[in-house]
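So here's one chain in two forms, each on its own in structure tokens, numbered structure 1 and structure 2.
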Structure 1
């Protein structure tokens, strides 16, 4: 306050001391620097170990500095004053990276975890009808039943799919894995490509149809070519074509269409050529290359406890991804549902309002409960239970199974998701709701068209943070009896799993420094990459809605 500092003269305009403000500014600056530096150093250290950069020779660093780093820096210097080029390069980079992550995630989730026939069963009963009805709803705006129809597909579809799993999956098995992906990914992908080409890239109708037809044709024509490369299965080719090809193709055409962005193509060109040139130079000079712990062998083989060079994380990676997919579905449905009900529907006054407030207070408290407690809760209600209710016997979901683990972790992060979603919904100004009501919208329409689009970025941010916590949890998994080490990935919902943090934790206590510095660091980096991959979808959606809100 101005009155606290004595003024030299008794004039109306005294001098206010700025000392406090300056001190505060620099204190907060120092705090942020310490925090960010500590995190940065930690991450750099882990990456350094995981990729074995210490073992690389000076000439290796020198070669790549000359061939890759310097040209890239030159490009950045050039692009600094050209926002169009920066935007183009960023789009190229992020969509390519997103495409890679999406491909990997899809291969893991559809091909390894779900297995193609099972995916086909649920595609027929859930995904296919839902997408079909959504597209029809966009086409025929008058069809008001579409929303409810999608809801029905999402709710009833899994039940039908599970009951008829045998029939549907034997149907899928007849098609074979590539056929399933062709039907369920390439064809919808072709429709999507045609739509994007026509609607977003504003190509002519003929070109758009050409793209829509071209994608499936390319998929089939590519099969004999892919067959010559033993590392790439046909399924991977089809998945990659859609998940990687679509975003990359989109961004390439988008960049090519705008003259002012053409310079952005220099970025991938420099990166790829620089890398190849670097490889060539390193080979010619004979520089010592780094020996990374995190390599192909590491992500595709099972764990070893005695031989660091053979150690791998494959079963744990699949286990963690399986877990996090289920957890994100559970928490999103239950968490966001709870938040919407509590904020938009639950009575705020009267005796029922007291109950609402009580529930709110308790949810906040639950967010602070240690994870071990949730582990015990999961052990109690999902494992060591034998309840009899009439003819139904509930005996839990098994020790350390995927289902038990994902339910336990969902419970753990549910309060965080609920609170952040509530916070996001609350931040939508009431005036917007009133305006929507004023124009005659119903409460559902208001929530659907006003509240949710504006609060979605906040909801997704909260969910992303919570999922990050869930994927790194060890204590609840130990409590429910998840395995420390497994040699094959979980084969179904009710098979035992191991997760990355469990295996990393076990390795961290191995006496050999190769394990404690190399293998563990590689595990941590893998964990981070998987987390980012799973989150990238949410991050993309969040960014889309954030841009729309502005």
Structure 2
């Protein structure tokens, strides 16, 4: 049998295609390197200005190079070929930083924005019932009413809490702030700690109960010690014990349980001890230290438009944290709910199927609409409309208020969340759904136990990207009348606010170079720290669900 040999044309075509592939490969590689270097130079320039590194002496650089930089580079070289060590170090870093940010955000929301009695009122009517039903659903998988019960608590609870705000607030005022936080944070945190110890860390029931009991005991025993430190109030101690202690304690025990990850503990040890040793060496040799713009005064003081040395970002930080918390809640609930309905419940055929396709097309188009258009939409819907809805008169939520800004930014990123959630839900194989139906599960049970756990990593990916866009937006906030400079943080949902991008924008046009280079750079670094911390924690949660799905 004769064999066919490649023709001259085929050979030439293969050579041409190979050359094009090689050219495309190296062009893409060069473009990636240029982009990474450009971004790195830009970030280095911003950090250089924010931390005032130009004023530091040579001895200061040498001291920290020897005590901190060289040991960290040695650790990275060691961990480069050990993925378990890298994963453990990333968990320790991200959850520690996330615990700090979560503690700060909780203190801001519960102590600065909402008073403890108000928080106690909504805990009794919304948060407490929702957590209780969720925990019950984890132990009793056959309770199909749990999902609807949580939804009812989220929808009806705020109404009940608002109507009974006076009574519940009076009850909370009698307990005091430490008593409120002990009942609403420490005790639920103890239950969460016991659940994580038994379900995630696979500890015995006795050990899990011991951890659960140990948390409130530690909260009570630590009060006399905290009272000796004037800078730390009892309320901050109780909030930090739960919001910082739970994630950090979980990742420490999780890392300690895996022998292959033990080397990851060297990363925080090197970072902390290297920094302290560097401070000691710098003090001994008398090295000239940098004069940073980003310091404690900067993050705890109000803004200034005349003196750069007194400028602070505190009201804008409070406003951004308050804003992003509300936006994340609104977009996740409404975005994921919309995606579930469109993919799992909406008809695909007939007249209603045509409407569903039109809705999908419009959602895709809305994802590309400029942000200033959403600002105009928020101005028209949430600020300027006057309507009579039966006995209720709707006249907007106020110009530049927290609630108006959060709803406007939620509209901005909602299409992105819906589209990413749809793609993630669509990627779950139909065979898994059919297997669940074959076992006798209802549609909601299938969605809850099969579809959502496997699609949650993709949903969180879209949500992370969307929130990253929302936290840096200024055009919608300008359109709804948010203040560029505000000297006090927001005190409630309907008080005016400013956000970090707005304040940075205002400082960028000050004539003084100290504002345009030092203060603005410090604001950009603060915004990046908040954004990267939020993203690192969300990525870690996504990876956890991704591992469980596989």
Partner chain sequence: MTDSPNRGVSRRSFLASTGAVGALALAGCTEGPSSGGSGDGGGSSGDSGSSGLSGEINITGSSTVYPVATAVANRFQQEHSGIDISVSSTGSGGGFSNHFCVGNSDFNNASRPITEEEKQLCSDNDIEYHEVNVATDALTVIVNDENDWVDCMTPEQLRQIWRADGASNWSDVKSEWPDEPISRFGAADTSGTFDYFKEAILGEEANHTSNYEATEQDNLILQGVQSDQYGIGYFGFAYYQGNKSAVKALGIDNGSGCVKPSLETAKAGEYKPLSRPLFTYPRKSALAEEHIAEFARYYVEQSANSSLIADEIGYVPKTEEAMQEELDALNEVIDEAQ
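Between two forms, the rigid core is the largest collection of C-alphas that superpose within 1.5 Å. Residue numbers count along the first chain shown, from 1. None of these values were measured; they are calculated from a predicted model.
Please match the form predicted together with the partner chain to structure 1 or structure 2. Answer 1, the form predicted together with the partner chain.
Two rigid parts between structure 1 and structure 2; residue 301 and residue 55 together? Taking the motion between structure 1 and structure 2 as two rigid parts, residue 55 shares its part with residue 301.
Report the rigid-body rotation angle of the smaller part versus the larger between structure 1 and structure 2, as an integer number of degrees. Value for the rigid-body rotation reads 9 degrees.
After fitting the core, how far does the CA of residue 194 move between structure 1 and structure 2, in Å? Once the two forms are fitted on their core, the shift reads 4.4 Å.
Rigid-core-fitted C-alpha displacement of residue 114 between structure 1 and structure 2 (angstrom): Its C-alpha moves by 2.7 Å once the cores are overlaid.
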